[in-house]
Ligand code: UD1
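In the form predicted alone, a lone chain appears below as structure tokens.
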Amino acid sequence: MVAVAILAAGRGTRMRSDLPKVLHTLGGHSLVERVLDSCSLLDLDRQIVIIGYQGEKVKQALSHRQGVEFVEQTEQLGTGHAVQQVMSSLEGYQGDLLVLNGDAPLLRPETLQKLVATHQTKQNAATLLTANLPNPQGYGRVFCNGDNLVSHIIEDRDCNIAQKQNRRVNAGIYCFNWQKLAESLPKLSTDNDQQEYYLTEVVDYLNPVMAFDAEDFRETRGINDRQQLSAAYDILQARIKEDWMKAGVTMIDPSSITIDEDVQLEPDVILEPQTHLRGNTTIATGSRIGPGSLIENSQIGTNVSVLYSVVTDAEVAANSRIGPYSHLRGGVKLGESCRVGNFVEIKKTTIGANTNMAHLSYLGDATLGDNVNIGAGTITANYDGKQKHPTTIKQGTKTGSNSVLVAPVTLGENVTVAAGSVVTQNVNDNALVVARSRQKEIPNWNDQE
């Protein structure tokens, strides 16, 4: 049996933000949500988040998570004081308690799984996650015997020269036998410089206490300021991109590419420089994205190219070409083998296969059939100042350059719209529609005074 308590009560003053520190985002998810996700390989009985500063915002941010409980720490008097707040909630609990920091978002689920397994196999009273830092200056050192049993923890300022050579530090992440911890928590004192209750003090009352080293010390990093948040993002991105390249994705310049964790890529996808993939995006095999493109919450089919363009909340079918400088948004569904070209914007529109719109056009709230050709400068005038209206363009229809389709309007099959027309009424199949004033020429105009 395992419960988790996440310390998420602090403000994080070094973030210089009114937002609680644990709600700052890293790669599309809040810090505290990433900490919860790091427990994904554990069979948890309880999930407790200890809140304080702007706790209602933290509750709201996690309202979509099933089974999360909240305990309030009205005063922030240290890590030990925070864990004391769960004593009434866990009264009579017989399992182990995993204590995590809400600002440590880089923990791998595999690391916590191994930490808990070691704790339970060894029947420890407490197991500390430790890290061997290249430069441990400023961190308290953890001293162990040959079996990794902790003998003592010494703060950096109290270490002598020899002790400072020890690179093993306490990561502030623990797995406790809850009953033994509950007996020790009331013994905590504030006899320290900060006059706070430190959780590390319980090590003095528990036995045995074991250290468990993280394989990658970077996992244990906490976030205290914007610089550390940026450094954590670099670490997260390096992980994500390394995994995708091992899975068969080509990245021309990985350092210029960013990919959210929820993105799914198939083998033989090519990501050009300055490509950014966000949210619930999927990209199928053979597609080439970028350079200079943003894809967000969109599904891209096989063998699609997206060049210098933005695609958000859209579906793009196989063999289509987008860009340069196109914008698809707001529920666009683009059929197979379509061409969306220079400076074309499409919003909330469904488009059939083999349809082309190559230049300088806007399509909004429209439905297009197969084999439609949209001439340069074609606009659907879908907004009357109060409401949006639909435009329907059926298969085989062609619009001439600089046409305006004033919605609501329907163009039938195989219609040809003459260049420069302003179409305000429905058009029947197979018709040519000319909706412009007759050209008038006034001779000798420049000779008049």
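Keep in mind that what you see is a predicted model, and the values were worked out from it rather than measured. Residues carry their position along the shown sequence, with the first being 1.
Not pictured, yet referred to below: the form predicted together with the ligand.
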(message) Just to confirm, with a 4.5 Å cut-off on non-hydrogen atoms, which of Gly172, Gly323, Gly369, Gly375 contacts the ligand in the predicted complex?
(response) Gly172
(request) Find the only residue in Gln76, Gln237, Asn148, Gln179 having a heavy atom within 4.5 Å of the ligand in the predicted complex. (result) Gln76
(request) Given the ligand in the predicted complex, answer whether the residues Arg14, Lys21 and Gly140 all have a heavy atom inside 4.5 Å of it. (result) yes
(request) Work out which of the listed stretches, 89-97, 218-226, 117-125, 262-270, brings a heavy atom within 4.5 angstroms of the ligand in the predicted complex. (result) 218-226
(message) Contact with the ligand in the predicted complex for Phe343, defined as at least one heavy atom pair within 4.5 Å: yes or no?
(response) no
(message) So, Gly102 and the ligand: in the predicted complex, are they within 4.5 Å at any heavy atom pair?
(response) yes
(message) in the predicted complex, is there a heavy atom of the ligand that lies within 4.5 Å of any heavy atom of Thr200, even though the partner is absent here?
(response) yes
(message) Considering non-hydrogen atoms and a 4.5 Å limit, does the ligand approach Ala82 in the predicted complex?
(response) yes
(request) Counting only non-hydrogen atoms and a 4.5 Å cut-off, give the residues of 1-39 close to the ligand in the predicted complex. (result) Leu7, Ala8, Ala9, Gly10, Arg14, Lys21, Val22
